[in-house]
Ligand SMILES: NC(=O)c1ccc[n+]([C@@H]2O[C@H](COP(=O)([O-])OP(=O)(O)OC[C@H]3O[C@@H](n4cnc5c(N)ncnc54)[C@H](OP(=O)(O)O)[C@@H]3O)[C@@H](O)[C@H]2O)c1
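Just the one chain here, laid out as structure tokens, in the form predicted alone.
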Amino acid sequence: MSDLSNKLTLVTGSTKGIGKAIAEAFIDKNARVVIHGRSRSELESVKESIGAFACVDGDLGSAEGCDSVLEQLAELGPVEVLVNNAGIFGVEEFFNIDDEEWLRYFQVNVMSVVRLCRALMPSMQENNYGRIINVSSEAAIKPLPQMVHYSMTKTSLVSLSRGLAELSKGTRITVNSVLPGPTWTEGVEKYFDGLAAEEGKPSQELIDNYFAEHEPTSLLQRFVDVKEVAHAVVFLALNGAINGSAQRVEGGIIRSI
């Protein structure tokens, strides 16, 4: 098992939700954690509250935004652990999604990972050490009809992760993906509040019935906690023998061996 002490660790999309929990989990392992977001004021507040090493801001949905983040990182030193967590999601009818929206999802959820890995993996190769963990979703294996565009991007991340792992052959670099199931975050809570207003039902009623109605194959029959996802990410960063894997943290929703 590797020691994460003082490892410069970038966690993208880490001002709230899963990303923030991942950042806190690495801080607990004494890593030098760099958090990322788009709002500098929010970043500074979160950095102070969780004790992060540094913060970088930029919109990873564009090449220019990625370049800005990379310029800020260059002042901190080579990144040793990269957790690509930043992403967007939303429920949309497939037939109503235009080309622009498809491309927006691909830019944010996939190309941000491509660009950061392309820029940061070479220094890992030079130093013969690195950990890359890409946060995908159970939707990568079980595409959701109400989120086809999102599901496609998460499948792409699993493929990308395995392909990059092949490039790490014979080194002390590992590249893995993590597939969380439905996880309780601020964004999910907001979604249920909107759905409750739309359907004229109490949000708690919708939450209580969600798994029975929409995820009957879930063995947990509850939402995953952000800390449970964070622990899986840290585990992959610690274990140098796991490479090219897609680690499920979805409570058994995917019915396969």
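All values derive from a computational prediction rather than experimental measurement. In this text, the rigid core denotes the largest set of C-alpha atoms whose superposition between the two forms falls within 1.5 Å. Just count from 1 along the sequence shown to find any residue number.
Only in words, not in the display: the form predicted in complex with this ligand, which the text now covers.
The stretch in contact with this ligand in the model of the complex, judged by heavy atoms within 4.5 Å, is 52-60, chosen from 24-32, 197-205, 52-60, 212-220. Shown without its partner, this chain lists 75, 186, 93, 166 as candidates; in the model of the complex, only 186 has a non-hydrogen atom within 4.5 angstroms of this ligand. A heavy atom within 4.5 Å of this ligand in the model of the complex is found for one listed residue only; from 148, 88, 103, 119, this is 88. A residue is said to contact a partner when one of its heavy atoms sits within 4.5 Å of a partner heavy atom; residue 237 fails this definition for this ligand in the model of the complex, lying far away. Taking the partner from the other structure, this ligand in the model of the complex has a heavy atom within 4.5 Å of a heavy atom of residue 15.
Contact check for residue 42: a non-hydrogen atom falls within 4.5 Å of this ligand in the model of the complex. Contact between residue 130 and this ligand in the model of the complex is not found at the 4.5 Å heavy atom cutoff. Shown here without this ligand, the chain has only 108 in 103-127 lying with a heavy atom within 4.5 Å of that partner in the model of the complex. Taking 2 Å as the criterion, residue 192 counts as shifted between this form and the one not shown: its C-alpha moves by at least this amount when the rigid core is aligned.
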